[in-house]
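As structure tokens, one chain now follows by itself in the form predicted alone.
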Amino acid sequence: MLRDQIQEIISAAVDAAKSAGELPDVPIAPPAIERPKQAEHGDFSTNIALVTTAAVKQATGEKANPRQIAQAIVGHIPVDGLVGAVELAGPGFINIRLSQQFLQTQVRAIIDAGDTLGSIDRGAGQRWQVEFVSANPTGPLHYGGARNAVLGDALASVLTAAGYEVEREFYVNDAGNQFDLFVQSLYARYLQLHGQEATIPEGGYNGAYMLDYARQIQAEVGDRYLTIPRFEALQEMRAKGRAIVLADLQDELGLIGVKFDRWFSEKSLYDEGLVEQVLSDLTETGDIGEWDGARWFLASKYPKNEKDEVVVRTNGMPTYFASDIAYHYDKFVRRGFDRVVNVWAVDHQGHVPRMGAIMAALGLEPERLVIVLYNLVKLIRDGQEVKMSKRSGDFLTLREVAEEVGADAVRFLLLTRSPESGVDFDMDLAVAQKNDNPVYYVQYGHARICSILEKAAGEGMPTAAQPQPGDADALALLVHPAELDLVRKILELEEQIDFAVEKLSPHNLTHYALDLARTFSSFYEQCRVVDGDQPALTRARLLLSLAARTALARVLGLMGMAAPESM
């Protein structure tokens, strides 16, 4: 990354100052490189002089003047190529400005990077899995699940851009009591469609959508389930109901552009005998005990866990926790992921410590499993919170929200806050065709650039991304502060990707996209792009516009959004 290049330059300057006898030869940590909060302080800043002062005192016991140390380091920083200027500030900060020539040459590099712009090699090919959504296959997704879907999908995208090999996975909870209740409820609805009296079981599913599912099964099998034993009918209905719900979930998630590499069945863990195998192994290692007629995972053996957890009930039925253990054994031991990220709603935070205990019991480093907790979503319309569907009287679904405001608005607005922060989703703002709507503003910025390029092409101006004779000389004409600021803003993308990976939160991309669109708008207002009297400058500014379009399209793509050519 550009930041790393600056760090290498500073480190080399420190070594050169040591060799020249201008600095004591003491161990010094690599310099921290930051972006100054104020643009007038340069493009990058480092406190290496202050760090060196502390290192000198620790090694020699003598005090040192941080400004003198900074001056010694500055004297060995070459002001050419990448670096345009170096300045001392305050008690010993070193501020660095990128050179004008470097910024000019980056326009071509940005265009050539295309849809790989900003990619970094942080991951070095490590295999990561992001498991998200993972709702019970018992009906449509609640609108709150959209945040899980958007967060997990965007996180997988930035991890891929950072050089990780990423797999997206949906864990299908098709074993256990909730799915049993779903099947029984579906069977009752099927019987009702055939005029028979049938009661939804206690704790079952009464939603109107259950009638839709039952009608699909009725259309396929007719009255067959009236003529065979209840047990056989339920077994067949289990498979058909699962298929219907998964197809519905895939379609619903597809509305906001979310797709998975694998839909992993919880039931398969039992069918393959993996649950019992892992529980048996943990019994041998002393991590599972038996008392009061139940089998228990001894979570209290491990940090942050005060109580043990039931894995097999007194009736012999395993708990969700039993399959959780086997599922994570499968992820790490059988499939060999280097790291797994589970995206969970905040109401599951109580389960986080026991997941660390699972990892330790399986002989795995707990830090290889990361739980990202996200807060709740409130839908707001006309200033009031919306919870229920007007269409069915049930909960509002992801499908209904996506159909009302559009996939891009769903994705952008649900990414604007860090996961731990709640989101008030303003449905009126989401569809507003005005600059106050951040989704509209960013996408309009991309469409406007496309319009500029199209107009220029219509006037005979060369807008092709491919190099043209004289491009290098033309780009050297980009000297206006607004032009150079736009290049600077585009070059921040790799740092934004790195930040999103570091925090495992891609919310910063929404703010960067807005800043980028605003920076382009400022450039466009201050610099006439198409000027028939200045063909070389026009070509340079068209190339800069192409670079900005490339960057906007890239960040929109990372967020899973469209980059429209017209609006």
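Values in this document were obtained by computation on a predicted structure and should not be read as measured data. We call the rigid core the largest set of C-alpha positions that still match within 1.5 Å between the two forms. Start at 1 with the first residue shown and count on from there.
In what follows, reference is made to the form predicted in complex with the RNA, a form of this protein that is not presented.
Of the residues 85, 294, 200, 333, just one reaches the RNA in the predicted complex with a heavy atom at 4.5 Å or closer; this is 294.
Contact with the RNA in the predicted complex, judged by any heavy atom within 4.5 Å, is made by just one of 277, 250, 268, 418: 418. Across the options 252-260, 325-333, 294-302, 208-216, residues that bring heavy atoms within 4.5 Å of the RNA in the predicted complex belong to 294-302. Taken together, the three residues 126, 381 and 489 lack any non-hydrogen atom within 4.5 angstroms of the RNA in the predicted complex.
Although the partner is absent here, residue 1 sits far enough away that none of its heavy atoms falls within 4.5 Å of the RNA in the predicted complex.
Taking the partner from the other structure, the RNA in the predicted complex has no heavy atom within 4.5 Å of any heavy atom of residue 221. Under a 4.5 angstroms non-hydrogen atom cutoff, the RNA in the predicted complex lacks residue 395 among its neighbouring residues. For the chain shown alone, residue 100 is not a contact residue for the RNA in the predicted complex, no non-hydrogen atom being within 4.5 angstroms. Contacts between stretch 300-323 and the RNA, counted in the predicted complex as any heavy atom lying within 4.5 Å, involve 307, 310, 313, 314, 319, 320, listed in sequence order. With the core held fixed between the shown form and the other one, residue 459 has its Cα displaced by at least 2 Å.
Core-superposed comparison between the shown form and the other one: the CA of residue 511 stays below a 2 Å shift. Core-superposed comparison between the shown form and the other one: CA of residue 66 displaced by 2 Å or more. Note on residue 435 and residue 494: their C-alpha atoms are more widely spaced in the predicted complex, a change of at least 3 Å from this conformation.
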